[in-house]
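Just one chain follows, in the form predicted alone, and it is written as structure tokens.
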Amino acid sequence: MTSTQVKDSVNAADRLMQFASGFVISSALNAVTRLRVADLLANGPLTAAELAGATSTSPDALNRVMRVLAGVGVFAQPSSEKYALNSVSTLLRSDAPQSLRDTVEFFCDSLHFECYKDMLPSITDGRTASEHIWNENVFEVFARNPEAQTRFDNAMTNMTGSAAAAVAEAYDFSGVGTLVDVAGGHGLLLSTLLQRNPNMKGILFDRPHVVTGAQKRINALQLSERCRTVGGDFFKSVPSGDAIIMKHIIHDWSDEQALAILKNCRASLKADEGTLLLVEMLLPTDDQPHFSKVLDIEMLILPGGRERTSDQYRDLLHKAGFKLYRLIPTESPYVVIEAR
């Protein structure tokens, strides 16, 4: 074996072990995110002992955790036991403009570790880990676990934060009288669009216990005269409007379930006039890295949905009575899928 072959073999082994031990990084991220370490570093570098004092943790243990995270590029390490923010860990700050703190806390939480501890049963029969472990859909698990529901809701709002402005910039809503945000969570997307379009009205539709949390945002932004909340079940019906928008909703469901939701949307829109907007990531068909491929596994393991290619969305929309009109890229990983 040549020296080049030996080097390639060592590099391959190193990469493989990084992949195999990925759960270590996820668990470490979970811990430092819950400790709000990034917020503590906002004013400059601190030693592990200083961070430990502020978080009531072991200086030695915290130093070792910070060291491994710095080693993979999450934090900077200007000296042996001193740590600082970099472009990655800045996103863990709760006050960062594009903060992903809540998203990271959700993705690295104990529920995910429980669901991902053994993927083989889901690969074998296609059922979600939630069904295997708790014998129910993950949304039912959230509903009876307030802490998990809160983490999920916060993460969805957090992820929407990076997409809302991009969607508002990419799509012209000026001709929409009333926009219905189906499964709109705490209302960040809809409130952003209403602020950008002062002549538009909005309806935020989600499960009753979810829309309660959205009312606070609507009131705080003084949008209550233009936006109302409606609680319900999109498998039964959705409110009527001139246009319906759904961000990262259809990907949660199987084709059969997604079709049921889309048909209810079709029934609520005026014939030949209404517009449907899906804000989703499009699954590429090549072998290049893309976060939608990771999300596709998240859909397999948790809710039972899937990420889709543009052709798969086209076919699904056609079956529901829509025609895919155009795909509008945004300054984010999301695409606005416009159907009529």
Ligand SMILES: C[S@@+](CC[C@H](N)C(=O)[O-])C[C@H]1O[C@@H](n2cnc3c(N)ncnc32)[C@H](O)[C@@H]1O
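Residue numbers here begin at 1 and follow the sequence given. All values derive from a computational prediction rather than experimental measurement.
What comes next is about the form predicted in complex with the named molecule, which is not displayed.
Q: To verify the annotation, which of these, Val74, Leu193, Met156, Val104, has a non-hydrogen atom within 4.5 Å of the named molecule in the predicted bound form?
A: So the residue touching the named molecule in the predicted bound form, by this definition, is Met156.
Q: Given that the named molecule is left out here, which of Tyr116, Trp134, Tyr171, Trp253 has a heavy atom within 4.5 Å of it in the predicted bound form?
A: The option sitting close enough to the partner is Trp253.
Q: Do Gly232 and the named molecule come within 4.5 Å of each other in the predicted bound form, heavy atoms counted?
A: Judged by the heavy-atom cut-off of 4.5 Å, Gly232 is in contact with the named molecule in the predicted bound form.
Q: Applying a 4.5 Å heavy atom distance criterion, does Arg151 contact the named molecule in the predicted bound form?
A: Looking in the predicted bound form, residue contacts with the named molecule do not include Arg151, since no heavy atom lies within 4.5 Å.
Q: Tell me, yes or no, whether Tyr83 is in contact with the named molecule in the predicted bound form, where a contact means a heavy atom of each within 4.5 Å.
A: Heavy-atom contact with the named molecule at 4.5 Å: absent for Tyr83.
Q: Going by a heavy atom distance of 4.5 Å, is Thr160 a contact of the named molecule in the predicted bound form?
A: Yes, Thr160 sits close enough to the named molecule in the predicted bound form that at least one of its heavy atoms falls within 4.5 Å.
Q: In terms of non-hydrogen atoms within 4.5 angstroms, which of the given stretches 218-226, 203-211, 120-128, 262-270 touches the named molecule in the predicted bound form?
A: That would be stretch 203-211.
Q: Though the partner is not shown here, which residues of 167-201 have a heavy atom within 4.5 Å of the named molecule in the predicted bound form?
A: Contacts from 167-201: Ala183, Gly184, Gly185.
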